[in-house]
Ligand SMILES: Nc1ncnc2c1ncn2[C@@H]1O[C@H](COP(=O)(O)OP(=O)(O)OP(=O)(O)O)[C@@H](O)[C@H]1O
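Have a look below at one chain only, the form predicted on its own, in C-alpha cells format.
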Amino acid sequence: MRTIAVIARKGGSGKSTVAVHLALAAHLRGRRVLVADTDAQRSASQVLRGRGEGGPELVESTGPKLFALQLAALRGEVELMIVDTPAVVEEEIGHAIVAADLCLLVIRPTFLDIAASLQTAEIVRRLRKPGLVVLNQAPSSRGGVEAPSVKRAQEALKLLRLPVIPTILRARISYQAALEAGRSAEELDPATEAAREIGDLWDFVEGFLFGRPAAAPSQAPQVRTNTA
C-alpha cells in the first residue's frame, strides 16, 4: 500500500480538489482507494458523500490516528491511501508527512502560496520523504506561451528544491462543477482539458508510486464511510 499526503499551507489553493480528483482517478482505474480526511472543513468528505454511486472508501480522521488507519487499510487490501490535510494545523500536517510515501504540495502561481510552502518543503526534506509540487489554478497558456505569473512561479518554485510535476492544473470551472456533482472531471466529461490534465497528473503520480499503470478507467465498489 502507498500513502499520499496532499498538502497546501494557504486556504483556497485547491488542495481538496486535487486530493479528491486523484482518489477518483485511481478508483476509476480499478485501484482500491481510501481517502483519509483530516481537514476540519471536511471538503473531501462532502464531495465523496455526494456520489450516487461507487467510489473510494472514506474515513474522517486526525493526524495522530493515521498510523493505525494505515495498518487497518493494509489489512483491508487497500492499495492507495490519500490524506487530505488541513491548511494551517502544523501538527496535523507533520503526522501526514511522517505517514506518507509521497508528499504532494499543491501551490497556486502566487508569491504568498510559494512563500507559505517553504517551511513545509523543508520539513519534507528533513524527514527524507519524497515530495512533488503540483502547480494548480494556473491561467491557461496562449499559443503555447505561459502567462507571466506562471513563468515567475516556475522560477520561484526552485526555492523549494522539490521536483515540479510537468502537468499544470489550470483554473477551470469544470473542476468545481464536477465536485458539486460528486464526480471528477474525468467522469463529468472525459473529452475536456480538465479531464486530460487529471489523467496526466495521475499517470505521473502512479508511475512515481507504483512504477506501473493500473487498468483503464472503470467503476469500482460502493463508497464506505466511517470515522477513525
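Because the structure is predicted, anything quoted here is derived from the model rather than measured. Numbering starts at 1 and follows the sequence shown.
Form predicted in complex with the named molecule: not shown, discussed below.
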**Prompt:** Among 87, 99, 150, 157, which has at least one heavy atom within 4.5 Å of the named molecule in the predicted bound form?
**Reply:** 87
**Message:** Please determine whether each residue of 38, 95 and 129 possesses a non-hydrogen atom within 4.5 angstroms of the named molecule in the predicted bound form.
**Reply:** no
**Fill in**
Only one of 184-192, 169-177, 199-207, 54-62 has residues with a heavy atom within 4.5 Å of the named molecule in the predicted bound form, and that stretch is 169-177
**Item:** Touches the named molecule in the predicted bound form: residue 120 (any heavy atom, 4.5 Å)
**Value:** no
**Asked** Is residue 12 one of the residues lying within 4.5 Å of the named molecule in the predicted bound form, judged by heavy atom distances?
**Response** yes
**Asked** Judged by heavy atom distances of 4.5 Å or less, which residues of 135-155 approach the named molecule in the predicted bound form?
**Response** 136, 137
